[in-house]
Structures are given as C-alpha cells and as structure tokens.
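Look below for two forms of one protein chain, each set out as structure tokens: first structure 1, then structure 2.
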Structure 1
Amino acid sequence: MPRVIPEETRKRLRDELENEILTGHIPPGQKLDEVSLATRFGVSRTPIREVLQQLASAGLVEIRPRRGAVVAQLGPEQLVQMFEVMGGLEGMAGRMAARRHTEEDRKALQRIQDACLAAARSGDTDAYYYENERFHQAIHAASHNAFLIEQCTALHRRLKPYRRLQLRHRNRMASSLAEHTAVLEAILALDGDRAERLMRDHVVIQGERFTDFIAMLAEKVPAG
C-alpha cells in the first residue's frame, strides 16, 4: 500500500467527487461516509477528509461537527439569491469587457457567438450548452480582471447542475441566443452600462426560470 498517492489520484479524488456532486450523481442531502469513500478510492481517511474540507469551503458539502458531511442542498431561496449574485458578477464582467476588451477578445467573442448560432440552428441543446458556457467565459476573460474571473468561475460551477436542465425548456435556447447577440453588440459598441444591464438580465432570467421550476418541485416534496 503506497504511502504516496500516485500524483494523479489526488486530483482524481477531488475532481471525481466534485463531479459526482455537481452532476447530481450523489444527490443533495446524501451522507458522505469517510470510510466508504476511503475504501472506494483506495486511500485512507486522511486525504478524504481534506477533500471534504475543500468541498465544504466551496459550498458543495456541509460538514456538521461530529456528525459527518452531507452533500449541500440548495433551497429555492438560496438559488434565487445565488443567481442574483451571479447576474451581478456577470454584469460586472460585461461592463468591464465593454470597456477593456482587446482586438483578440473581439474576435474570440464573435467566433463563439457564431458557434452558438450554429448550435442553436441545429437545435443541438448540448452543443449550445457548451458554446454558451464558452461565450460567458470569453466575456469573463475580456474583463481582464483575474479575481472576477475566479469568482465567476466558482459560482458558475456551483450553479452548473441547475442551469443545465433549464435550456431544454420551451424555446429558451432561442431567447438565450438573442440575449447574447444584444450583449455582444453592447460590448462591441463599448457601451459598458448597457452591457452590464443586458448581461445581468440574461443571467437573472435564466435563474428565475429555473428557480420557478425548482419552487414548483419543492411544493410537491416536503422539505427534508
């Protein structure tokens, strides 16, 4: 039994667990038993505990002293609030992008917007989801604020599982694309105020639609 984890296993530990939580493979509220996880990954409890701590700091799991770790559950209210903040952050990014983007940023944004358009035309939701993500990332990058990028990425990741479902509903893909177009226009026109507002609304609308959906589900399920 090696005393040094084979370099990749360390990351695998964290990434795999994080993924299973983010994808919902391990459902919210599920208890995370240290021993089981340790056995499963073939390591001792020590590195498992470290990973759990990190995931707790990221808000993915909740550690109750002496009572173990569970996958964090986000209620409708928390989701609304997080989408609201996400909107604010993305709005910031939009504003900064409008004021600071470089020629390369322009090109990248337009290229990705084209890809979004293509995905939307072909009706490929998964492809659109992927390109949508890249579009947002490109705007973050164009803000040229590394700290903001970090914050956006972190929150984006955390909300990921909730956004995914949501594009499949109605013709959200079409309106999303239209909103992108408007945002991009504002950015290219160097209009920071407008870019911020449009971007914020774009994200908040997503959030609202989704949280409506969640709230609807929540009514049928007793809080637990």
Structure 2
Amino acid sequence: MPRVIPEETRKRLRDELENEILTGHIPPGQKLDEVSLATRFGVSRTPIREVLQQLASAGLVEIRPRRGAVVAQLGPEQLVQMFEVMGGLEGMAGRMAARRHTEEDRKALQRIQDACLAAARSGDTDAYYYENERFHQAIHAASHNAFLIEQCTALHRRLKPYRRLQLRHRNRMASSLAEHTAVLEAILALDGDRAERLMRDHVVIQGERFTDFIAMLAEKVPAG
C-alpha cells in the first residue's frame, strides 16, 4: 500500500519548488524531472506529479506532451495585466463585503487582521503571506457571491508565487498591513465605494510598485 504523504510535506515541496523557480535556481525552460525530484525530496513520484500540476495551474510550469514539465517563461506585461484583472475582482469583493458582511464575517476579518499584525511584527514574510491569503479569503467570503469567490480563488492561485515575491521587497509587508487596516475600516463602515477602491489599489501593481516589481523579476527570474 502506497505511503500517504502528509499535507504539510506536500506544501513544503510546493513552496521549495516555487522559491527555486522564482529565485532563478531553476531557470525558465528547464525540465523538471519527476524521478530526480522524487529522489531529492525522498518521496514517491505521485506527490511530485501533484505539485507540478499545482505549479502548472499557477502558471509557473508548463506540462508538455512527451517532454513533461518545464519551467514556464512569463513576461512582466502578462503578469501586470493579470494583477489588473485581479484588482478589479478584489475591488468587487470589497464593495460587496461592505454591503453584505455579517457579524461572523466581521469577527473573522478582525481575527485574521490581528494575525497579520503579529506576523508583520515578527518580520516573518512567509507567515504574513499566509495570513494575508486568509484575509483576502475572508473578504471574498463576506461578499456572499459564490461565483466571485470562485474567480478570485482561481486568480489568487495563479498569481500566488508572484504575490509572495512582492512581500519580500523592503517595506512592502508594512505597507500591505496598513492597506489591510484601511480596507477593513471601509468594510466595517459600510463604505462600498471606498472599500472597492482600496482593495483594487492594494492589489494592482502601479507606480513605484510597478518599477520595483519589474526590477525584482529581472533579478530573480532571469530570461531563458
């Protein structure tokens, strides 16, 4: 009977491969051999295959017939356009959450924001990233629109590694936390217009953030 791989192990495999792709240790165009990866991580090929499929859905890996998995090459223009679309969806979620949130939604948002604050104070970008994900998910849930939640979830999954990369830039974690606070205040004040604008601006890469993002991509993900 095949050994069951704990979920934490699967998450670690994905995180490590994501980081290696983003930092250029595994460059664009390189083949990701299941056997070699399974040997390296001390697991069977099944969890490796599952992780590669997850990375493919995030746009980091391409699964090619007869060639297997290779690291994808995504240009900055495509990524920025995807962030623009996500900003629109997040803005809609913020507006709806301001109108529709329940008392349970309010408690969940405040609890997760407190966890974001604790992670930021500890300087742990990875911990903050996961709490940040939960914060966005709580806003999606507070919109009480199942289709919107589905679309937001899909795009978050696709852009996950790049959103994590942004948080590693100096001062971005503190800025993100301040933006969360403003968004939460707007939602709890039932100000849909402000919540939508703040959520969109929180996500869309523009101005100095655009310049920083392009510079990080050039440094961390070299052209193939």
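Take the two forms, find the largest set of C-alpha atoms that superpose within 1.5 Å, and that set is the rigid core. All residue numbers here refer to structure 1's sequence, counted from 1. The structure displayed is predicted, hence computed values, not measured ones.
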item: Chain form predicted on its own, by structure number; value: 2
item: Per-residue C-alpha change between structure 1 and structure 2, Val61, threshold 2 Å, rigid core fit; value: yes
